[in-house]
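Take a look at this single chain, the form predicted alone, given in structure tokens.
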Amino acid sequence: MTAFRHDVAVVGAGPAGMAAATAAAELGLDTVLFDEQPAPGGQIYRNVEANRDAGSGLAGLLGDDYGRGRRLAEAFRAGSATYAPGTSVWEIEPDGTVGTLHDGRAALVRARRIVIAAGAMERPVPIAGWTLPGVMTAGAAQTLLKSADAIPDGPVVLAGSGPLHYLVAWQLVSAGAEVCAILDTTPRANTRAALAQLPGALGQLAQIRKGRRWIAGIRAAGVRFVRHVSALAAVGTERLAAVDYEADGRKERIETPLLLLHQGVVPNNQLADSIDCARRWDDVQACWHTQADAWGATSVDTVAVAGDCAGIGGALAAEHRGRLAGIDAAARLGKIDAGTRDRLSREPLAALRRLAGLRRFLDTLYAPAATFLSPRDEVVVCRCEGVTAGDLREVAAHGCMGPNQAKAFTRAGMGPCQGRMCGLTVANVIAGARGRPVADIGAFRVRPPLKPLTVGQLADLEGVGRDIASLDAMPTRPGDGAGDGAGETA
């Protein structure tokens, strides 16, 4: 068995991962942070080090919240945690083994504790025509804006619901993009249901006002705003030409070369699922959450989860959850006692309590409509294998019990994305066909490798000692030459 190389291995360099690694290293733990990106920040703070000037240009457009990510990255860089950018994690094991891939070389590294901070992903919600070129997610457009200062050329339609939906629309408008319409799919009934949660959200009035400013800015730019959209379809042959929609009984078409879809975000919990961490179904967020205590500890003794991969809470909550996971790791590994852990945890725990009311309000207000979670028969659900919702309903009628049986019947979830893009929809469609709750239907089993590996890369694992030693040649300590430059050139 490979010897322990680190006390703590953190996976993901978003707000939760940076905070966890910084806190663990400050408390004396030998900590490594693995991340696929070339520089820290994750999706929410993508390219934050390169966009340093908060007073002008892109950083000014992205706002004060983006500046918070810069401070997180600076604190992480100033600490002693080992940093491994450009590194994919394709496996973790309960004994602390982490399978990594860097520069085409696969390696196994062991840590005494693993903190998964893999963040969130946009909820894939298939509609007719969503496989056409010209249809992408709102988050993908935001990634291009942050990483390349790129804005769409031509009229853009955004369709969906949720805070990120309006943030991206406002950012694109502010950057000079031509946004011709916002098709808001928030169900009318959600507003009434969310009013019951409003008192708990009033402690975060600044955040609510910020969202209202985004919508006001979109309207002021002359963008058409259509509410209560209940059906969507992308139209085209070789590529997208138009969007058909229905709202309040009216059917209309908007010609556009680019449609940006968004129906909220869900936890990226594949790593935790791969080692059978206990999970629960969240009816409000309509997704699976990894079960964890206040410090992120899971049902697997060596593993914690932090940030949105443990349950959607937003960037501020992710930062606090990451810090708690780092503090708890220090207590579990004997660097601090329980009393010190509790004292250091008071502030982040209090901050999470303050944020919880706003989260309940947002989750209720922007819960996706059932019609978008379970599409019509002709809609492709699994893009990798070309499986439609009708295919899934047919096998359910013949006795298919859930997603894992659907793999055998249809190959749904067996393509390159390994079910990331279709898993929730497959479960929703089968649940609806069988008249059962999604929680009873279950989810795809996840098996390593979680990221693509060649046979040659796996064969090299026979020389595990050599591969682990090769990590010494990677950009490691924050502030060391190549590692520091990654933030400048990302």
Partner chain sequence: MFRKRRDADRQRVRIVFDGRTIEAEAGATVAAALLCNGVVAFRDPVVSGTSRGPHCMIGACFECLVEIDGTPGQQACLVPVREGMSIGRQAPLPAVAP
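Residue numbers count along the first chain shown, from 1. Note that the structure is predicted; figures quoted are calculated from it, not measured.
One more form of this protein exists, namely the form predicted in complex with the partner chain; it is left out here, but the text below deals with it.
Q: Quick one: from V235, M136, I208, V379, grab the residue that has a heavy atom within 4.5 Å of the partner chain in the predicted complex.
A: Result of the distance check: M136.
Q: Find the only residue in G357, G79, G390, P152 having a heavy atom within 4.5 Å of the partner chain in the predicted complex.
A: None of the others qualify; the residue that does is P152.
Q: Does each of R68, A201 and T364 have at least one heavy atom within 4.5 Å of the partner chain in the predicted complex?
A: Per the other structure, none of R68, A201 and T364 touch the partner chain.
Q: With the partner left out of view, is R239 within 4.5 angstroms of the partner chain in the predicted complex by any non-hydrogen atom?
A: Within the cut-off, so yes.
Q: Even though the partner chain is not shown here, does N51 get within 4.5 Å of it in the predicted complex, heavy atoms only?
A: Close contact exists here: in the predicted complex, N51 approaches the partner chain to within 4.5 Å, heavy atoms only.
Q: Verify the contact flag for G176: yes if a non-hydrogen atom of it lies within 4.5 Å of a non-hydrogen atom of the partner chain in the predicted complex, no if not.
A: Yes, contact at 4.5 Å.
Q: Flag G222 as yes or no: does it have a non-hydrogen atom within 4.5 angstroms of any non-hydrogen atom of the partner chain in the predicted complex?
A: Looking in the predicted complex, residue contacts with the partner chain do not include G222, since no heavy atom lies within 4.5 Å.
Q: If we take heavy atoms and a 4.5 Å cut-off, which stretch out of 411-419, 181-189, 328-336, 366-374 is in contact with the partner chain in the predicted complex?
A: Contact-bearing stretch, as computed: 411-419.
Q: Can you tell me which residues in 26-50 come within 4.5 angstroms of the partner chain in the predicted complex, by heavy atoms?
A: Stretch hits, in order: E36, Q37, Q43, R46, N47, A50.
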